[in-house]
Structure formats: structure tokens, C-alpha cells
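So this first bit is one chain, no partners, the form predicted alone, shown in C-alpha cells.
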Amino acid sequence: MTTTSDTVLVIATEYLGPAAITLLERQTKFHMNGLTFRDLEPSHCADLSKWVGIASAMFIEQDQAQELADKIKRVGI
């Protein structure tokens, strides 16, 4: 795991609980050219935030999903 993936996992777990790791692994694998979540770097965060915002809205309220996406995006800044 990179520092970035560790940070993103902590943030996502606050919103999604133990399902966070599964969602993050799926989003990187299927929407980011097969990227493995554990290899996440700051340059990937903007793209990941978009996909997490879309996917997590299926499980949590839209405003919370957007808040989560915004926090992930800021990790890459």
C-alpha cells in the first residue's frame, strides 16, 4: 500500500465502513485501466474521486457521496 492508498482507505472507511476497500479496489481495477488500489498515487486521486462519487451514491446519500469524492480528490492536491 502507498501512503496515498492508505489515506484514501481511511477516508472512505469513514463513509462506507468495511465495504470501502471492495469499492475502491473495483473502481481502480475497472475504471482506471486495471490499476491496483494498493498502487494508488496522488496523480490518480482526481480520477478515482469521480468514480467513487458515482459508485458510492448507490449506497450512501448523494451529498455524503459528493463529500467523500471531494475528500479523495484533495488527497491528490
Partner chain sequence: MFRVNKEIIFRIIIDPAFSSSLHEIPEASSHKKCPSAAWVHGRSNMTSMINSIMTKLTAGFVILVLVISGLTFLFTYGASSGKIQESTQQELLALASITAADLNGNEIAKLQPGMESEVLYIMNAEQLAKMAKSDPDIVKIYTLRNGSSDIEYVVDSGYNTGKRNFRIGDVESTPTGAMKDAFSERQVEPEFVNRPWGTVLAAYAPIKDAKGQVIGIVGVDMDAGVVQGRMNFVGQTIYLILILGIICAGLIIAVFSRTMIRDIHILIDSANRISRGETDVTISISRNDEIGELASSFKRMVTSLKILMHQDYQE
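Positions refer to the first chain, counted from 1. On a predicted model such as this, the values are computed, not experimentally measured, just so you know.
From this point on, the text means the form predicted in complex with its partner chain, which you will not see here.
In the predicted bound form, its partner chain sits beyond 4.5 Å of every heavy atom of Ser49. At a distance threshold of 4.5 angstroms between non-hydrogen atoms, Gln62 is out of contact with its partner chain in the predicted bound form. Not displayed here, its partner chain is approached by Leu23 to within 4.5 Å at the level of heavy atoms in the predicted bound form. Put simply, Thr13 is close to its partner chain in the predicted bound form: some heavy atom of it is within 4.5 Å. Along 24-47, a non-hydrogen atom within 4.5 Å of its partner chain in the predicted bound form is carried by Arg26, Gln27, Phe30, His31, in order along the sequence.
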